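One chain comes next, on its own, written out as structure tokens in the form predicted alone.
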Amino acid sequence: MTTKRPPTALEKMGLNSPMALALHLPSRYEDETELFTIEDALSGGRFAAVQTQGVVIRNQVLFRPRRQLLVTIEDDTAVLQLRFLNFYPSQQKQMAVGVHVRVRGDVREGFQGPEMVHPTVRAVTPDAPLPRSLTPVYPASAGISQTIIRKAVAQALHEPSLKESLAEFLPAKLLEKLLFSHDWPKLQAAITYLHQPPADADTQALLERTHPAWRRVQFEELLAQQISLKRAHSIRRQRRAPQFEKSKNETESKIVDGLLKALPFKLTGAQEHVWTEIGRDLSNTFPMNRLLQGDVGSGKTVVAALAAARVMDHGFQAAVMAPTEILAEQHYLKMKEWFEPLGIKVAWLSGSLKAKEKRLAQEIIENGTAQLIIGTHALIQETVSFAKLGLAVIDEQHRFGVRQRLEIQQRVGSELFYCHQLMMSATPIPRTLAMTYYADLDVSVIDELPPGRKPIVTKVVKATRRAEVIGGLRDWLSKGLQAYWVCPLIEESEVLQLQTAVESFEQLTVALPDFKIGLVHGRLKSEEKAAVMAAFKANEIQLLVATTVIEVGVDVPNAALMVIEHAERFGYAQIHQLRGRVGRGSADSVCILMYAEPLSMAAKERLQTLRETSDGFVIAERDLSLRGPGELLGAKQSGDAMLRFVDLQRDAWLIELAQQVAERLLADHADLVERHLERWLGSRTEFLKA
């Protein structure tokens, strides 16, 4: 019986083939091609990393003020001290007195003269040759040294099989045109160059990833992604979905007509337009995959309700899924109010339901009694089975992981059908993100707010003016208006000494004795949370102190002031969402961003942007540059880095080029497509279809 050997450290990192090692590209480089005497290394107060060498003349372990290893080396010109605060006995042995070492690090002034702290050290002969190329520094996990990775990569680059793995797949004429137009190298040459750049390489371009060798790799990766998305788009159009055409006979579309008549307002022009687009999608024989974008309060829910009504008019079920219980419950209460008078059975399903309630909800979903089902991610648990699901509406889609958004399919009779999907987001998708990750998604935008919605004035205030803010809040509440006070934490944290919701609630209760104040946070039971929210909506509570559980879904027109405490701790999207809770009524609305000093440059820029603009697209672009695509997409939850070498903003011009080439390959060179996808994406292609 053979025992399976445990994976090596390299294999744990996924570096299990010559190709994987070749594509494990350096994150930075060290210049070990130059060697200075110790005197030259010390001269001129040099603070950049420098390489020198000498003989060890002293090696001692000190215990004050803490255990550390001090090693002194000398050459013919001067003496240099090396300090190690963390070290192994093997390191101490490596630098024994009399050994000749080559060291590289930053020189700084120490207590006992010039020193290097934790330099890289190698035992060498005095005349050991210098490398002819820059030394790559690779991304690594704990417990694996750069030496091991460098050796493995160097070996992989000489493997005969790698030549075939990095072969050019692009048709000769197209490849020639690309390389000539952009001065790019061939793929194998580009990868070899990035692993072993010559001493005279443009280090800045390498570090900024704008070097032609990087550009070639980035283009190849983007090309694979675009091919995958375009192919997913084509595959989706070949799938079967139930058709929900607009009925010519009014009696057959009674739910849509009944909803439109019951609404206490008229649809805006933008809502009418996107409803037409969605209606057209629902009448197709292939599944809709549409993203509905619209700023907070633009009326996305009504459009989603109309889509659900169209599906129910044809005898199918519709489901609405939201990421938080508060948002899901808001949808449930609103849609119940709209649909129950029309004879529609609306079901509620969330993780907090008691076992008996959950079982009853699952039964009426499975037997088809429930026509409209609303809830949290509990809707996509294995225990939930729909009778005849025609539409899935996913709100705040970026808050769900990619795996959670994969297509819902089911059998209707003997045929396999895919249900239509409508995603909604109040966080606009930046153009570059839409082009790269949402190429298989049709996008509708509600770019018009309902009549009477007033712009929100945003003010940035220091936390030291807290008493002044509370005074202004008192005046505000005295006018009969309501307000929110938002805090980042529920209770005191030792790490972040922030005002907490509980503490703020207690302080504000003392400071504002004439007003009723409520508290809501994530740790309250669902029924307690619901009771507080209902009291706030009914104006029985004038001030609501809350954590970010109110970020989405709360609609109280009389609440026109929001104070966000420790605003420097919130991201762009969070503040934009929170700010959208006000400005829903006829009163002038204000959002106060209260911050504590000192402010980082990023926080300062974030608060400045939020004060100056309420344009969701501008905010989304800034958010993308700050956080990268992973978080905005929900892709981080999949555990896969979607694009390893591409920066969507820096490399935006490459996206359109990759799109054009992808279209050409899919049309004329289908045989090359599979090989290209396998090389770049492997098993990760499924996430690009979500």
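Heads up: residue numbers just count along the shown sequence, starting at 1. Treat the numbers as computed from the prediction; the structure is a model and nothing was measured.
The form predicted together with adenosine-5'-diphosphate exists for this protein as well; it is not shown, and the discussion that follows is about that form.
None of Lys479, His158, Lys266, Lys356 but one reaches within 4.5 angstroms of adenosine-5'-diphosphate in the predicted complex through a heavy atom, and that residue is Lys266. With the partner omitted from this view, the residue of Thr301, Thr458, Ser444, Thr547 that lies near adenosine-5'-diphosphate in the predicted complex is Thr301 [heavy atom within 4.5 Å].
Contact annotation for Lys334: at least one heavy atom lies within 4.5 Å of adenosine-5'-diphosphate in the predicted complex. At the 4.5 Å threshold, heavy atoms of Glu220 stay clear of adenosine-5'-diphosphate in the predicted complex, well away from it. Looking at Arg280, you'd find every heavy atom of it more than 4.5 angstroms from adenosine-5'-diphosphate in the predicted complex.
Residue contact check for Arg584: one or more of its heavy atoms lie within 4.5 Å of adenosine-5'-diphosphate in the predicted complex. From the list 266-274, 317-325, 106-114, 237-245, the contact stretch for adenosine-5'-diphosphate in the predicted complex under a 4.5 Å heavy atom rule is 266-274. Contact annotation for 555-578: a single residue, Asp555, has a non-hydrogen atom within 4.5 angstroms of adenosine-5'-diphosphate in the predicted complex.
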